[in-house]
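Below: one protein chain in two forms, given as structure tokens, structure 1 then structure 2.
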Structure 1
Amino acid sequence: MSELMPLLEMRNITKRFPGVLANDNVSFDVLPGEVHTLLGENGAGKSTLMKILFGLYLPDEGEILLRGAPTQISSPISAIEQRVGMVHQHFMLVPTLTVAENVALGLSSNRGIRTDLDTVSKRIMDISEHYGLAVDPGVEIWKMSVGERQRVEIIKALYRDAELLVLDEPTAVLTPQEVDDLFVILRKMTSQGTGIVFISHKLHEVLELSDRITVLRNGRVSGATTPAETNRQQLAEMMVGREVKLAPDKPALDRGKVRLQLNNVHVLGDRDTMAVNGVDLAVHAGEIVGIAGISGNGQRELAETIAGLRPAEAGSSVSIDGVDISRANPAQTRRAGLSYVAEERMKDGAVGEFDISENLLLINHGEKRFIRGGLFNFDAIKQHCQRLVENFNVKTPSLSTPISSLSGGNIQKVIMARELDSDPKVVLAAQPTRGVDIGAAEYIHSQLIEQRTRGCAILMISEDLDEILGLADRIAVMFEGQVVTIIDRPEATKEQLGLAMTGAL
């Protein structure tokens, strides 16, 4: 493979933003028919490098060569014309349009719409059959599973004749079976000469799929290796620059009384259909119950109902320590002992325009300890916020920094610090480490385990099966609004959970 001319060479790429050196003299290449993984924490420079490749940024220094020839990629259109494709982490599809209509978007045409769609559909079928992508061109996107939508994104790139394909966190919301199917497709593509840049936080997948691995840290290449020469631990340490605990230390289960009780919970979704359909679940003091499931199976609606953001239907019962909160508002659920780490942190968990201190005080600014003579006691507030920032290892220039300027991992640490400092009886954590890097995830996991040790009941909703298997004492799987099975952690396997997540159990 090393004798082949690279499809892509990025030589000595440097990119600066005000106050930030995002890429510092980075070199990276991809050969025909290989998977070259780009690995690194949030803010390491991966996205910037790929945005330069796809024409969204121009480099300040360095050069790009495609098939041995220097080139300028000044826009995504320029990238596509030069046979570079990119599948973004958040799919760029119009839900109300069919597969063929989505693929045809942006293509120039001088024929009638219907004729074009017939031609597009035929080519989609050819590509689908050739690569084993199994997609029906006439189906609307909203009717498709997440795995099927991802295949549509890959077909869009192949339809435009991509020879080099960038995949940004392609397995983030897939079941284990869908990941296996995706890897079969990617191997078929590489066997026919396609070069693939694979971006992922999931180290076992990186080791399974990659031919080569390049690790970025603080904008620079910190190491390059192959799966045969490394392991998960070494990759994690290359990413973070220190020793990392991949599996959290979890003391033996010491389960107490039931703290959170759900009985016959029914919840209407945004489309006025039943999103949660008769859920029964108990979470005890001193345990973590994980809810696994593919996105869109009622997990979000269930969390919002427990948190008081969405009403439960008549006949539903949600209680904390025997206090009924099924019709409570968010303030009442908090008084009952709930802390809520929301799935969408910048929508429901933090106020982007507020600074660190203001976000840390969102839920308890009226407490006596922060008031003196009817006014805010700013010395007490500063000491409180400084303690939380230090205890939770939040990296911020100051307490007056707007939270929106922090990395995803540090925003999540601020939210966790605020929620866990309230001495909760129950912690509801929805996607607690989504989009955060391996170092921040390690810290967040340790904090959840600390709450478990002090007798808190924790309900954790996550689409990351590694996270569920690493933290949960019991695992409840949701499918189409129902809990279809509850499995004790020692008996759970990824394959079993994956089958339950697709309704096959």
Structure 2
Amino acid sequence: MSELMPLLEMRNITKRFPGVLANDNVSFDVLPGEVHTLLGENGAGKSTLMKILFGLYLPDEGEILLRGAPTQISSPISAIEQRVGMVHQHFMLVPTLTVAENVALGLSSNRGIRTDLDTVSKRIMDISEHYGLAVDPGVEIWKMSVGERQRVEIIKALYRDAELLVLDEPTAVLTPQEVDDLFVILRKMTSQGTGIVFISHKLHEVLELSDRITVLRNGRVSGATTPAETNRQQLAEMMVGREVKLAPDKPALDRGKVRLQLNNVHVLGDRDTMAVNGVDLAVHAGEIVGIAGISGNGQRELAETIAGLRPAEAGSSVSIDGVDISRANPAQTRRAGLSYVAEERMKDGAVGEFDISENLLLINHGEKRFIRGGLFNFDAIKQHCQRLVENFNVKTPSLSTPISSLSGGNIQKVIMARELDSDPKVVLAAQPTRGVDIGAAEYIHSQLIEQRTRGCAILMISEDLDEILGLADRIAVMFEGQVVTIIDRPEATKEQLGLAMTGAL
């Protein structure tokens, strides 16, 4: 491989944002036909480096060479023209348009001012056949599952003849089956000479797919290796810079009384069909119950109902320590002792324009200890927030930084800090570590376990089977709005859960 000319060379790239050195003298290259993985904690600078490559940011220093020749990439157009494609960390699709229309955006049409969607659709079909990327060009994006949307993103790049494809956390929202399918497609692409940059926080994926791995820490390259030379433990330590416990220590506990009780819960979904269809479940003090399942099987609606955000149908009953909350609003559920870590962090968990202290105080700013003479007591507030930020190890320039400019993992830590500080009776956590790096995930898990030890009842919804198996005492599998089976952790296997999740059990 050594005599191959690199497809891409990025040399000594430096990029500063106000108060942050996002990339510090980073060099990175990709050979034709290889998968080169970028690994690093939240905020390490992975997306920034790739956005520079795609012309979304301009580097402050450094140079980029494509196929050996120095080049300027000043905008996405010039990146596309030089056959660089990017699948962004957040979907870049227009939900109201069809697949073909999304792909056609920005292309010149050979029908003059009219769009030529027939030609585009035909080529999409060709590409999807060639790579096994099943999509229907005529369907609007909003009707598609996340897995399908991911395929559309890849088709967008392939349609433009990308020779170098960047995939920024493409697997964060995919089910294990969808990840397998994606890897088959990616291997097919590399076998035809495409170079791929892969970003993921899931180490087993990285080890499975990569040819080479480069680790970033605090904007700098902290190491490079290959899957043959390393293992998960070592990778985690290279990322975080200290020892990491991949499997959380969970003390053995006898479970206590029932704290959260769900009886015959029915909930209507957005499309006016029964999204939750008769769920019975009890969560005891000192136990973690994991809800496994492919997204879209009623987990989100169930969580929203428990949190008081979505009304349950008549006949449903939800209670905490015997207090009925099936008709309660969010304030009442909190008073009953619930803490809620929402799946959609920025929509339901935090206020983007608010700063960190304001977000930390969202649920308890009315408490006496924060008020003096009818006004906020800013000294007390500052002390309180400082303590939470330190305890939860939130990486931020200051308490007055808007939360939206933190990395995903740090946003999640802020939310966790707020939710767990109030000594809850029940914690409802949906996808608590989605998109969160190893170090932060370890911390969040340890905090959930501490709540369990305290005697809290924890209901955790996750699509990540490793997370479920690592944390839960009992596992409830949801399929089509129902709990199809409940398995004690010692008896559970991945295969069995996978089958139950597809309704095959």
Ligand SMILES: Nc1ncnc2c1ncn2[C@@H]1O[C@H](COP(=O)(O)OP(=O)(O)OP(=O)(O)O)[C@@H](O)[C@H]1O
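Fair warning: this is a prediction, and the values are worked out from it, not measured in the lab. Just so we're on the same page, residue numbers count up from 1 along structure 1's sequence.
Visitor: Just checking, which of these two is the form predicted on its own?
Guide: Only structure 1 fits here, because that chain is the form predicted on its own.
Visitor: Two rigid parts of the chain turn against each other between the two structures; which of F91, V244, D466, E61 is at the hinge?
Guide: Answer to the hinge question: V244.
Visitor: Give the rotation angle, in whole degrees, of the smaller rigid part relative to the larger one between the two structures, based on C-alpha superpositions.
Guide: So the smaller part swings through 10 degrees relative to the larger one.
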